[in-house]
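To begin, one chain is listed below as structure tokens, in the form predicted on its own.
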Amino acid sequence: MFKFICNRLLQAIPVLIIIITMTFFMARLAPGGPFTQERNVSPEILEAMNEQYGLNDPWMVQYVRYLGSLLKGDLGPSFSSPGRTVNEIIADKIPVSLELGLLALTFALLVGIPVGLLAAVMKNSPADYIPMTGAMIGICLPTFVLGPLLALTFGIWLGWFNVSGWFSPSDRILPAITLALPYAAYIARLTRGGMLEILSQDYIRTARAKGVPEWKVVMKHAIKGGITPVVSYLGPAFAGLLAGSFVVETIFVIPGLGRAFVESALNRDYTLVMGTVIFYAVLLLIMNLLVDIVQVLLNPKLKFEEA
């Protein structure tokens, strides 16, 4: 396992370099700059601000300087939040996004796995067709449509929840459901497919022939292998939940990292855009590594091999 982890971490280095390089230059190719939207700023002051932050230097000089700071763990100052560094903003915003992502992931698992199990056990019955139809609708319905619909129905018409803010526990419900429903649909379909494949295996038929109760066949013998596709999906799913929070945090006015990223992109805050992208890239690589390790632990047939 140690060799496997070291190998994967070494492979992650060129991936991160490519992501950093592409993000750095693509951000600067966009029209405008960090201070072009400042009001009542003379060209002389604008030039002085760009000079202070080194934005007048050639892009390659800025790129090398940024890599040097990055190696020290310094993500630089935020252009849109004077007096604050990108490190401070990420440390301040990420707990909110992580809480939202974990709540959404928990909801998706609590809904998706039981629904998939029920659909697999009761194959080709209404208990299979109806949930899977709903799952397909959930997959096709984007969060920027689902979020306003939930806010309109349960926030404005019924008045059960607030439609913005992040203060009380009830403020977590609508954003978490909005973010989780598409992933719950994916998990339900993955669980159904994995369980159907396992339930057709010889050892399952042998257990049934020995008179083992059906619930024990499913919960003891089949579920461990049946949820393997779900485990494989959890890494990208959690990263997708955090990335999907960009839209949800904007809809429900949640003070998380996703909303800060959207605002930084609109304000051309190069360093905050870079810091957010790097943070999510590292998080995704770590989650994928953890998922690979869990897969091997769940399935003895798999081995830690050098990629």
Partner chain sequence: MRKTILPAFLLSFVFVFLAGCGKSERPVDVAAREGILLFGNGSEPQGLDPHMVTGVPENHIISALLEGLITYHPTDDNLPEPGMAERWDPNEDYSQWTFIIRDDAVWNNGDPVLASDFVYSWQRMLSPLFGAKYADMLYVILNGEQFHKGQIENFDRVGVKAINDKTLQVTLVGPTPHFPNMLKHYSWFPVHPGTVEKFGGMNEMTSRWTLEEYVGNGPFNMAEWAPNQVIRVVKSDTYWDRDRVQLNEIHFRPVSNANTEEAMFRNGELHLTNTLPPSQIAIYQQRNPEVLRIDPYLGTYYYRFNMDRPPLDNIKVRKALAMAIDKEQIVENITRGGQIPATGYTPPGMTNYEPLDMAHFNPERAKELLAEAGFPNGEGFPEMEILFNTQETHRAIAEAIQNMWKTTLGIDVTLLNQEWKVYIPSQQNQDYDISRSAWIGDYMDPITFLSMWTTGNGNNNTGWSNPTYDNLISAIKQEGDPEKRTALLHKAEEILMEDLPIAPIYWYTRIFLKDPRVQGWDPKLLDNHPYKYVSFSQEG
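Note that the structure is predicted; figures quoted are calculated from it, not measured. Residue numbers count along the first chain shown, from 1.
The form predicted together with the partner chain is left out here; the points below concern that form.
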4.5 angstroms heavy atom contact with the partner chain in the predicted bound form for residue 102 = no
With heavy atoms only and a cut-off of 4.5 Å, decide whether residue 224 touches the partner chain in the predicted bound form.
-> no
Taking 4.5 angstroms as the cut-off for heavy atoms, does residue 55 touch the partner chain in the predicted bound form?
-> no
Is there a heavy atom of residue 267 lying 4.5 Å or less from a heavy atom of the partner chain in the predicted bound form?
-> yes
Among 211, 73, 82, 126, just one has a heavy atom within 4.5 Å of the partner chain in the predicted bound form, namely 82
Mind listing which residues of 233 to 252 have a heavy atom within 4.5 Å of the partner chain in the predicted bound form?
-> 250, 251
